[in-house]
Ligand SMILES: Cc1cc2nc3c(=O)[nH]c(=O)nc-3n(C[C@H](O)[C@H](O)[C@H](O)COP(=O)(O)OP(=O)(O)OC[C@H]3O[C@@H](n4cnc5c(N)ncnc54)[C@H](O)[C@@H]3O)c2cc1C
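Have a look below at one chain only, the form predicted alone, in structure tokens format.
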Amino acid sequence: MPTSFPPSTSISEDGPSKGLDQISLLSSDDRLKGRPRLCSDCGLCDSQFQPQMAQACVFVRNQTEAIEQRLHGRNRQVGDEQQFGIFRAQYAARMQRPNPKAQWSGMVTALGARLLERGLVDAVMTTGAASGTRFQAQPILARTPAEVLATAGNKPSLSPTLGLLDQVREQGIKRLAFIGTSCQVHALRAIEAELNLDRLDVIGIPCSDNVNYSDLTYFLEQVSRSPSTIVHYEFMQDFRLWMRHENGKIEKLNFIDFPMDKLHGIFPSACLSCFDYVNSLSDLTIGYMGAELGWQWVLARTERGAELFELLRPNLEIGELISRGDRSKGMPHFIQRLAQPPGAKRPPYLVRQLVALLQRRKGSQGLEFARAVIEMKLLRNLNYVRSKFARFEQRVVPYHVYDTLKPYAEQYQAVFERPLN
């Protein structure tokens, strides 16, 4: 049987578990006391590696530059690597026979299962759903392909997955595959030498604005007509939230129609202080953002990552990566919006519908959509760190952020009356 943690939930009926100005993750969770003021509950502090937290945690000191040097022998080059991280190749792909239980076509779980089938790893550390729920994250140490495949589907809530490292040692596991988010991957890479593994495969999932489970439940209640029947949901490339229900129907909500006045404070401070949406320190990143609708976006970053992709290639349909539009046109307006108070009143309904239509017809697509989203997240999070954690900026904002956002320096200075760098 897979090894896992018991779920921990604190359901909020009145709204988000904290306000945006409150700088704790879960104000009522005693388990998190003593952690950094920025904490994504990655699980490292639940393991015997807790003493290394100060050297490993991305929210104590971001070590992206040093880890890139160790993984690749260099740092990011001018061009797409500034937004996407270092990579050897990128693809649009999907499984020829999609897994109907997966968020997309099931590439991530198929790869984890394949590694176990071939005897290349002893276990896969990943995230399943807690019993009786669809979206409450539960760390899993899978030892069989079936156990990996059973975790298919996105769990967009915080997960202390690295706490399973104790069980990795106790069970004598020497060849490990890890599937996780960027904050988890950063900590794992930082202590990689101390794990004494013979093999470590890191499969990264792009991650942005995770929430705790109670806030996830609240979020779905605010955006859906039938939150209890949602099977999967994703923020899609057509500027809409797609929510797939049990009956197969897809409910769609324009980004601009989100009730932000009700969602103010739903995202943890740590997620609003993260600068690695694309999980750049993994061997292989599998997401969707840079591909067209219906496809997955894959970045092979290391030699091991290229090998992992080749393991799946015989079962993949390979598509074409496109890049259309001009993200720079919308950025001045986005920077202006950043200066507005959180939860500001939405435009009138007809104005919102016009904006949504223009976004779908004229907005960025493919890789340009990915660049646009990444840059907006970098701008938003840099502004958040400066407004809430100004003294942390030198420690938590990685080197590439300022170079990536340099084209918007004048607009940033004009709106916020301070230099971008």
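Just so we're clear, the structure is a prediction, and the values are computed from it rather than from any experiment. The first residue of the sequence shown is number 1, and the count goes up from there.
What follows is about the form predicted in complex with this ligand, which we do not show.
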* To do: Tell me, yes or no, whether residue 152 is in contact with this ligand in the model of the complex, where a contact means a heavy atom of each within 4.5 Å.
  => yes
* To do: Flag residue 103 as yes or no: does it have a non-hydrogen atom within 4.5 angstroms of any non-hydrogen atom of this ligand in the model of the complex?
  => yes
* Would you check, heavy atoms only and a 4.5 Å threshold, whether residue 288 touches this ligand in the model of the complex? => yes
* **Contact label in the model of the complex: residue 305 to this ligand, heavy atom within 4.5 Å** => no
* Using a 4.5 Å cut on heavy atoms, which of 265, 145, 156, 330 is close to this ligand in the model of the complex? -> 156
* Structure fact -> Interface check vs this ligand in the model of the complex: of 214, 167, 210, 90, the one with a heavy atom inside 4.5 Å is 210
* Structure fact -> Answer among 103-111, 167-175, 346-354, 74-82 for heavy atoms within 4.5 Å of this ligand in the model of the complex: the stretch 103-111
* Within 114-129, the residues that have a heavy atom no more than 4.5 Å from this ligand in the model of the complex -> 126, 127
